[in-house]
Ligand SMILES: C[S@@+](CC[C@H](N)C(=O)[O-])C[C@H]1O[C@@H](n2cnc3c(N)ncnc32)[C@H](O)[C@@H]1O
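Okay, so here's just one chain, in structure tokens, the form predicted on its own.
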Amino acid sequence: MNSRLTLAFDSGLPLPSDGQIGVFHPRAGMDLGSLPRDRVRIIQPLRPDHDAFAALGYATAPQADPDDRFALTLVCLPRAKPLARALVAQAVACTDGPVVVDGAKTDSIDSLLRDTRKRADIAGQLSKAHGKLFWFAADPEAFADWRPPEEQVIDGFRTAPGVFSADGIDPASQLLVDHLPHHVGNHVADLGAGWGYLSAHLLRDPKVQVLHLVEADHAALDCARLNVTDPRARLHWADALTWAAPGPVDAVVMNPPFHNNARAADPGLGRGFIETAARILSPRGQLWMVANRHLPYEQALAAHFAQTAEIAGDNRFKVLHAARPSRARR
């Protein structure tokens, strides 16, 4: 089946004969076969997707360079509206030819198309497979109001468009903080650390010697660098499902994601985080995690830890504690 991008080239979208082609935020598995691979530069801050395209031989980076210029850009629409607008504004500013926007209806592609029409003439569009693609060229100043603020500070923390809980402290993370012991361990890992809220709290404990912040979203990790400046912090741009700690840790703290690439609830992600925690913890290590009330993590915890318990919760979230990872899993 031809992708929307392939059909667009067949329908009149011009492919420049030379120059670099920027592809912003494509997800792993997206068909880019209609683009000349040797001219494509993938901009993808999510480590698993970044690595998937790098493994295919694409030039890949977590963010665009300030001096990048593109003959054509393709923006793969994320669901978060502020990030979507920021990516379009960035693409317009660094592109000398067409800007192409591709997205599913569930990513609000129709709404973005309507808003784009107010700022630029749409050169072409097509609909296929519950999604839409359109292209245009525009003056960057027409999209100046879509550029993200130079500094976005929420509750004293630096955040960025599109990162998890960009508009404020996540209530689940707050619940977890409220029920953590003062000292969780000397060597600690925060899996899925985001912009660093949990880690900033953990580092209030002077007994913590090393804290590993493991985060797959490069944009969130950039925020964490600003929010967590303690020299005991070690920041890792990595997929928590595959991350290998430099040595056993005493404690893991986490608020794992639970949506897959299709934005559907997927408890498998949280189970993968639990498996990583069991793998990297010392034999007497402990795990503290928070999750939505309906997510069935208790069985996974029991399979990987000798002791498990719910230690706090409300009608939305639960705080789970596990200790002594099963040696068979190590």
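Nothing here was measured: the structure is a model prediction, and the numbers come from that model. One-based numbering along the sequence shown.
The same protein also has a form predicted in complex with the named molecule, omitted here; what follows describes it.
- Although the partner is absent here, Gly192 lies within 4.5 Å of the named molecule in the model of the complex, judged by heavy atoms.
- The named molecule is not shown here, and in the model of the complex it never comes within 4.5 Å of any heavy atom of Phe134.
- In the model of the complex, Phe258 approaches the named molecule with a heavy atom inside 4.5 Å.
- For Trp288, no non-hydrogen atom is located within 4.5 Å of the named molecule in the model of the complex, even though that partner is not displayed.
- Considering the named molecule in the model of the complex, the lone stretch of 145-153, 101-109, 211-219, 244-252 in range is 211-219 [heavy atom distance within 4.5 Å].
- Proximity to the named molecule in the model of the complex holds for none of Leu13, Gln20 and Phe70, with the criterion being a heavy atom within 4.5 Å.
- The contact residue chosen from Cys76, Ala224, Leu198, Ala91 relative to the named molecule in the model of the complex is Leu198, the criterion being a non-hydrogen atom within 4.5 angstroms.
- Note on contacts: among Val228, Ala240, Leu202, Ala84, the single residue with a heavy atom within 4.5 Å of the named molecule in the model of the complex is Ala240.
- The single residue of 133-167 lying near the named molecule in the model of the complex is Phe164, the criterion being any heavy atom within 4.5 Å.
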